[in-house]
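First, one chain by itself in structure tokens, the form predicted alone.
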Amino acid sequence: MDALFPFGFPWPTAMYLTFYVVTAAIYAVFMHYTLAGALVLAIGRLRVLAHRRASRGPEAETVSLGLLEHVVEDWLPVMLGMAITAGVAPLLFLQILYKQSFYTANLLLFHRFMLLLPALIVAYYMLYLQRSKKLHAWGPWPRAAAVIVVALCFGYTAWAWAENHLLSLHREDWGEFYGSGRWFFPDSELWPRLGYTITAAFATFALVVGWQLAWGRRGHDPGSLDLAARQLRLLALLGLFASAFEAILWYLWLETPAQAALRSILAMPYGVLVFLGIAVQTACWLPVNGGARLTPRRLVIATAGAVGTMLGAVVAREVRRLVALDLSALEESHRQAARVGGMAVFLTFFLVNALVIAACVWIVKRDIAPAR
């Protein structure tokens, strides 16, 4: 591991590592939107309930969600569908790359890990249910409860994946974990890793919503747009600062071999890329005090920073895994997989899915009214 990631590995392994990192970063965009968006919408609905409870008289009925929450409410269902679709590709590459460790962690966490499916199904239908007219007629509490359930389901999904990832790295604990019959795998690395995922999600979410507001600028009330821009600035900066802190905390929590690998040529440039991207995004968000500052030029620069941060973070996570696992023992299986000839099929369907997702975004953008 004395070469820059993914160089230094046999070409089949390097190819699968590269495809995994790229597809995992694409998936992270949609995952971050759904995770942070559900939390923002839940907080927004609780805020409305609190204001209505504090108000008296007819004015209480005028308290409603702001522009930011309305945008999220419209887009969350389609973003969840995109996250599920985009998550298929990195999951396939994960199975090719790590096989035994990945499958073993799934089996050891079987009951808890399989709860991901009902959690995502419940979240998917709750997103549509909380917008239904019938639920709206029941009052604000049921709609708030539905969004809170969605946020809890997404939070559980993030936790389960992080726990699965960490268990797959600790082969020495598999026997004891199985023999004890435990359902949870407590590990000190879990909390900074999960904390980074959640906090970084807000920065990505703010950027994507910034693009959505910039595209629909002409249809929005200027006052509402200015308020939404300031809210996005706050979310982005909090997410960037907190995720930088969580990244440092995660590094300090690691064992010495993992820290040494992250400081080596294998991963160090990507670590620098993470914090450089955070700095670029911070510089772009600091001047945003109104909707007029959400210019395409500013958003393009912030997007470049976000891409660097996301790719760097995924690579750092994989280097952590490479230190814990003996990937050289799997190189022959990678060669065999590369000879199967399915890469052309994957790339074809990857392109088809990308076009379908782009069409879905265009249809939703066209059909959603920009102002309410």
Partner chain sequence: MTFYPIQDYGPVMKGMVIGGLGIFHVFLAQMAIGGGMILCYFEWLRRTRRSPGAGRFIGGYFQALVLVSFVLGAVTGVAMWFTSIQVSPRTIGVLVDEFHWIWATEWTFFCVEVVAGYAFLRYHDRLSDRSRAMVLFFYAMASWFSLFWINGILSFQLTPGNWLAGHSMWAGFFNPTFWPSLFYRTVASMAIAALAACVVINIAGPHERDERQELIKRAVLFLAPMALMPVFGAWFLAAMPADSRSWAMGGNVTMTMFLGMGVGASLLIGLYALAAILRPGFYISGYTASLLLALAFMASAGGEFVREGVRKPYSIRQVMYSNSIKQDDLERMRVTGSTIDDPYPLRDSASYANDQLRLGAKVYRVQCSVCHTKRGANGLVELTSSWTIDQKRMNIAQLQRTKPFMPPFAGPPREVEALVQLLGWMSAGEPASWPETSDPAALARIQGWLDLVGVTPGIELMRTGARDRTAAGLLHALATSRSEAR
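Whichever C-alpha set is largest while still superposing within 1.5 Å between the two forms counts as the rigid core. Positions refer to the first chain, counted from 1. Computed from a predicted model, the values in this text were never measured in an experiment.
As for the form predicted in complex with its partner chain, it is not shown, yet the points below apply to it.
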- Going by a heavy atom distance of 4.5 Å, is Leu117 a contact of its partner chain in the model of the complex? yes
- Indicate whether its partner chain has at least one heavy atom within 4.5 Å of a heavy atom of Lys99 in the model of the complex. yes
Practice task
Report yes if any heavy atom of Tyr125 sits within 4.5 Å of a heavy atom of its partner chain in the model of the complex; otherwise report no.
Solution key: yes
field: 4.5 angstroms heavy atom contact with its partner chain in the model of the complex for Thr13
entry: no
Exercise for the section: Using heavy atoms and a 4.5 Å cut-off, decide whether Phe19, Leu107 and Val340 all contact its partner chain in the model of the complex. Expected result: yes
Checking Trp174, Tyr156, Trp191, Trp253 against its partner chain in the model of the complex, the residue with a non-hydrogen atom inside 4.5 angstroms turns out to be Trp174
If we test each of Phe241, Trp138, Phe184, Tyr178 for a heavy atom within 4.5 Å of its partner chain in the model of the complex, the one that passes is Tyr178
In contact with its partner chain in the model of the complex (heavy atoms, 4.5 Å), from 142-150, 90-98, 273-281, 224-232, is stretch 90-98
Exercise for review: Could you check whether the CA atom of Val22 moves 2 Å or more between the shown form and the other one, using the rigid core for the fit?
Suggested key: no
